[in-house]
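A lone chain, given as structure tokens: the form predicted on its own.
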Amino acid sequence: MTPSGEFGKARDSRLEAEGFPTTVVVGRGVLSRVFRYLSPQDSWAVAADEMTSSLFGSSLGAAGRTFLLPQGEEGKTLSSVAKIYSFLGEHSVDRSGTLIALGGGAVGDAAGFAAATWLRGIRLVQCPTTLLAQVDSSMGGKTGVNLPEGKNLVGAFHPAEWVFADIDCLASQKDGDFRQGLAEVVKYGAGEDWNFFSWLEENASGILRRSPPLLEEVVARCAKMKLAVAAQDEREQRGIRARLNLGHTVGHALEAAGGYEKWKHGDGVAAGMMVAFRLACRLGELDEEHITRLERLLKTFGLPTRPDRPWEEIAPFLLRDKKNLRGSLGLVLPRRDAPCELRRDIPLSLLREACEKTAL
């Protein structure tokens, strides 16, 4: 893949982290310029779902070479990936070829796993079309599919060579789905950079109006933080990358306890962050003021601030969290003047106390 000078224009941000193989390009209309990165001899194919293909396929210029996945989590199955393999074979995508993922997190996960395993690995380009995918799931290299036994149980680390985050895609996103991405945006401020958190507080109304300049800054700043953390712990073996899971331990448990039907990912993360803040305050890592600020910002963005079910219903799912190790519960907690950190010394009784107090 060869870079084009088109991306040197001031309107686009190009982000990299030393030691990490992904370059992120953020701007307006970048989908129409993706193929300027493809050499003429490259073989390629696109994976999308029916909606993203209809909305953005023409901008990408992918007519005739697009495989359509089922929408949402239904597309994240081994059978879907097997069909992608067949499509890649039909279009003669060889080991020098590229698979382009056009869509949200589910498309990116399934296409990414297909790229990681087709011919033992081909190049991956992510074109995320949702806020959640642009600020989080398209970067970092995690790919995977679901099994009947649980979500994301089969996967691989396969970082995209390029991520093209086109801000114009966000104008078509439904409010409820856009809100899910805002939860991850708040996570970066609360867990990585309090200055960014303050900026979000100051610009919340403009972000909700989807002001393109503000959304460009949101995506670029989140991408910069995600790449920096992922570069330090690409395969999640050092505990550093777990920082990006602030609010996710309780959030995932709330999603699972509700059968993945009532709350979406961002809703669970928002309530999970409130619990984490309450616990951090109990341990002296934060002040009550931090809890008040988080609650106010989440409410401004239309996100929940309380668990929607009692401790007894979520506790069994907490014990299955992927951050747990040899029976030790892993919790990511925020701090006043430093990035959040993964802790393994928190008694389950304190987590229960924080959950129950947050639910009041």
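The shown structure was predicted, so the numbers you read here are calculated from the model rather than taken from an experiment. Residue numbers here begin at 1 and follow the sequence given.
Here the subject shifts to the form predicted together with a small molecule, a form of this protein not shown in this document.
Colleague: Given a 4.5 Å cut-off on heavy atoms, tell me which of 64-72, 22-30, 291-299, 306-314 is the interface stretch with the small molecule in the model of the complex.
Modeller: That would be stretch 64-72.
Colleague: May I ask you to state whether Phe56 is within 4.5 Å of the small molecule in the model of the complex, using heavy atom distances?
Modeller: Result yes; Phe56 sits at the interface with the small molecule in the model of the complex.
Colleague: Does Ser198 reach the small molecule in the model of the complex, with heavy atoms at most 4.5 Å apart?
Modeller: Looking in the model of the complex, residue contacts with the small molecule do not include Ser198, since no heavy atom lies within 4.5 Å.
Colleague: Is the gap between Cys169 and the small molecule in the model of the complex 4.5 Å or less for some heavy atom pair?
Modeller: Yes, contact at 4.5 Å.
Colleague: Please tell me whether any heavy atom belonging to Lys151 falls inside 4.5 Å of a heavy atom of the small molecule, as the geometry stands in the model of the complex.
Modeller: Yes - in the model of the complex, heavy atoms of Lys151 and the small molecule come within 4.5 Å of each other.
Colleague: Counting non-hydrogen atoms within 4.5 angstroms of the small molecule in the model of the complex, say which of Lys142, Arg179, Arg221, Arg278 makes the cut.
Modeller: Of the candidates Lys142, Arg179, Arg221, Arg278, Lys142 is the one lying within 4.5 Å of the small molecule in the model of the complex.
Colleague: Which residue, Val250, Ala133, Met225, Leu286, has a heavy atom that falls within 4.5 Å of the small molecule in the model of the complex?
Modeller: Of Val250, Ala133, Met225, Leu286, the residue with a heavy atom within 4.5 Å of the small molecule in the model of the complex is Ala133.
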